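A lone chain, given as structure tokens: the form predicted alone.
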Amino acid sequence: MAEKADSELVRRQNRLLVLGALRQHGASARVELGRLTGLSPASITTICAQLISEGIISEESLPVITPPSGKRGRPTVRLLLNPGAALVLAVKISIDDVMIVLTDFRGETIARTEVRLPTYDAGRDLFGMALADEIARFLAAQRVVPRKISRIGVAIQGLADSRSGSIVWSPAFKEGDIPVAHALEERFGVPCFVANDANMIAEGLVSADRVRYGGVTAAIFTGYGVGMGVIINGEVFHGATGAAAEFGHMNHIPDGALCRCGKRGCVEAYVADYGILRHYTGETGREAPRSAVPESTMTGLNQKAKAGDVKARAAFELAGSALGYGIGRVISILNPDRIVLAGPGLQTSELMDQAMREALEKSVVEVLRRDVAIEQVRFSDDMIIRGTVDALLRIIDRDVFAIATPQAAQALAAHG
């Protein structure tokens, strides 16, 4: 019995290796899959034959370029993921706004929409149903029946509980502990997860370049809020409840400026857009933070800083300093290979970047930070959506299609 169990585990792991290689590298010949996965030619042949028969992958035949001699070579047969094997739905929730994206099994976008949906004053028990209504309208417009969807993923600003599928706290909501996953699962009969948007950014980085981000990486988001996703050995670390790496709500100054979370002195209260604007306007930091800051306001403030406005420069420098000291703590605890900075925060002000690096030098001894690469990546909301889609597809690879033939075939039939 133990031998059979071990054999099933190996088969599952090998199928997952092949699916992962095709997902990361795209269409590949069998010999290339062997090189990428380390599996033997015989194993590759067997696994690929199974995946093809189940409709999970397919063959693409391309002729070899005709050489000068005029003789054609044998066609190179490449394998690729079957886009129709599964559909996933990614949802991003921000203040009074919801983005919904439908993709195929390759992660290619089929349709997307962005709708205004009141969040801040939404009732705790009503928001999930309202979101389900919007998703139902979207699917109806695309003529997609809910049973065609394999998974739904929801990314939110703030703190998510992955076990209960709820939004514990978010600047987008006045209330907390908002159930979301249960409402969607009950409505559509589809498994759903709820996750922090910074963790989804980290998921997207892993998918984009598993080699580059295959060690220990901290991906820090700055902008309307401050968050962090941690990648360890190529996997995003979510913690016991999905609340790992709440960098923005780590204390920077005890009893300091009021944060949106209700506590005082958080890193976010100094680094997020509302913290920067609050310092510029001369507020004490005891006032309730703004629920939203227009992008145009921050762009204008950045322009003032570049033009020499002393108050604007000081606001960005204070934010950069708080961020630098926070990153110093991360380096001391995690000993990461790489720090990735994303979001509109640092991308709008050179002053903030300079102050961050000066604070980092002060906060961590050189021997700990000298080998840490710090890089910025251009941010857009699509980074969050992309990461959510990637996480959904990896879940399907692992929990559905990596399973031996009978179960995978049943799952495909249920959603195909």
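Fair warning: this is a prediction, and the values are worked out from it, not measured in the lab. Position 1 is the first residue in the sequence shown; the rest follow in order.
Beyond the structure shown, there is the form predicted together with another copy of the chain, which is absent from this document and is the topic of what follows.
Across the options 126 to 134, 102 to 110, 251 to 259, 145 to 153, residues that bring heavy atoms within 4.5 Å of another copy of the chain in the model of the complex belong to 251 to 259. Of the listed positions (78, 238, 279, 313), a single one reaches within 4.5 angstroms of another copy of the chain by any non-hydrogen atom in the model of the complex, namely 238. Only one of 365, 373, 49, 29 comes within 4.5 Å of another copy of the chain in the model of the complex through a heavy atom, and that residue is 365. Of the heavy atoms in residue 243, some are within 4.5 Å of another copy of the chain in the model of the complex. Mapping the unseen interface onto this chain, residue 209 falls outside it, with no heavy atom inside 4.5 Å of another copy of the chain in the model of the complex.
Put simply, residue 228 is close to another copy of the chain in the model of the complex: some heavy atom of it is within 4.5 Å. Although the partner is absent here, residue 307 sits far enough away that none of its heavy atoms falls within 4.5 Å of another copy of the chain in the model of the complex. Shown here without another copy of the chain, the chain has 329, 330, 332, 333, 334, 335, 336, 337 in 327 to 341 lying with a heavy atom within 4.5 Å of that partner in the model of the complex.
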